[in-house]
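Only one chain is included here, represented as structure tokens and corresponding to the form predicted alone.
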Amino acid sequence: MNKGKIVSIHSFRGGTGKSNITADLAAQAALAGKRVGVVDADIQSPGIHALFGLDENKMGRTLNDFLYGKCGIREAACAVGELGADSTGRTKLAGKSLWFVPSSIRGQEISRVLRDGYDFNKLNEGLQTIIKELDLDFLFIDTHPGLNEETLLCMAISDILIVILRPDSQDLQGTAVTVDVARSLDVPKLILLVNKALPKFDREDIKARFEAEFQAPVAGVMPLTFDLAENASRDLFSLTQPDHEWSLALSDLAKTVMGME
């Protein structure tokens, strides 16, 4: 059997919608029958746990515990389908093969990471181990924005790198740097995803313009929508509103990722 693919979702700046896209992308893959894992590698500012219905009291073991030798990586993985009874969207994941490894949201644990760092080889070891132990088809990694040792490692071990950007001048400059770094690391598959595009702009025009500028495929152009903002990370938007234009664009992205060899 082929080794599961590591898919890193990254952006140069914060606020691009990275965590929402990562969580919904993983959910769509699980609904399609794939065995899926998600790791919150944004250890300095974790947030994706809210989308999976986790709070500090439900979290149990975390990625931090694994990195500091307190548990195995499998012990930090929780089955998302067992957490969804309190939500419309997550309920659809009951019985699906979707696991999530959260980062700690305790201030003391975050401070330790910022002060002492951690062994990046240990992180790589954990990612490879969880793919094998859970027999995953895909492992999605929600990375920390910007470029640091952690994100460079995630890029370097990725089979697929999704770089999210907004149609904003600062995002464009940062994305250019990110794309150059990814190419220097020989990432096998690099795709761009434009998020929060204003409805008044033609999406096909945006796609063509950015593909020409970065010489990389744009897998989709996601619309800016207040409906997603109103969701406020309470649930998985593509599961609660599957016919919404944002959800349809996300579904197309999931099909693209799952179709990559």
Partner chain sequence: MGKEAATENQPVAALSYSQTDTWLQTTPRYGMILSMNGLIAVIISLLIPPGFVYLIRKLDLHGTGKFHYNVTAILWGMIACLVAALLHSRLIEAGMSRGQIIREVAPISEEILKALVLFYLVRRADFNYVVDGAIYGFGAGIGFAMIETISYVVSTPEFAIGLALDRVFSANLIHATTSGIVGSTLAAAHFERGSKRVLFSVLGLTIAMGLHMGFNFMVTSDTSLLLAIVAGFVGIGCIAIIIKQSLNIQRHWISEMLGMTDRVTLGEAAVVQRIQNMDEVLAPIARQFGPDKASKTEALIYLQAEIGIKRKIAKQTADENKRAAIEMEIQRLAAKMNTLRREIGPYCMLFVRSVYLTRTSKLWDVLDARVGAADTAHAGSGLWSALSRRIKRPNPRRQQASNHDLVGKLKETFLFRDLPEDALEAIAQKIAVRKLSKGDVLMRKGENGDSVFMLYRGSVNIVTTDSLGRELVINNCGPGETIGEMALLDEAPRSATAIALVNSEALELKQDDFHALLNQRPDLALGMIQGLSSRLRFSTTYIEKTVEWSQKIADGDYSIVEDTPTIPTHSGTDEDKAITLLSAFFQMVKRVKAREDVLKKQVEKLTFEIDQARRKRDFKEITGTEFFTRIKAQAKHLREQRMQDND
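Residue numbers count along the first chain shown, from 1. For clarity, every value in this text was computed on a predicted model and none was experimentally measured.
Although not depicted, the form predicted together with its partner chain is the subject of the following passage.
> Answer yes or no: in the model of the complex, does its partner chain come within 4.5 Å of a heavy atom in every one of Gly60, Ala77 and Glu82?
Not a single listed residue reaches its partner chain in the model of the complex, so no.
> Verify the contact flag for Val177: yes if a non-hydrogen atom of it lies within 4.5 Å of a non-hydrogen atom of its partner chain in the model of the complex, no if not.
Contact with its partner chain, yes.
> Examine Glu109 and determine whether its closest non-hydrogen atom to its partner chain in the model of the complex is within 4.5 angstroms.
Answer no; every heavy atom of Glu109 is more than 4.5 Å from its partner chain in the model of the complex.
> Classify Asp135 as contacting or not contacting its partner chain in the model of the complex by the rule of any non-hydrogen atom within 4.5 angstroms, answering yes or no.
Judged by the heavy-atom cut-off of 4.5 Å, Asp135 is well away from its partner chain in the model of the complex.
> May I ask you to check whether Ile105 falls inside a 4.5 Å heavy atom distance of its partner chain in the model of the complex?
Judged by the heavy-atom cut-off of 4.5 Å, Ile105 is well away from its partner chain in the model of the complex.
> If contact means any heavy atom within 4.5 Å, which of 61 to 69, 208 to 216, 224 to 232, 39 to 47 contacts its partner chain in the model of the complex?
Comparing against its partner chain in the model of the complex, the contact stretch is 208 to 216.
> Within 105 to 143, which residues come within 4.5 Å of its partner chain in the model of the complex, counting heavy atoms only?
Phe120, Asn121, Asn124, Gln128, Lys132, in sequence order.
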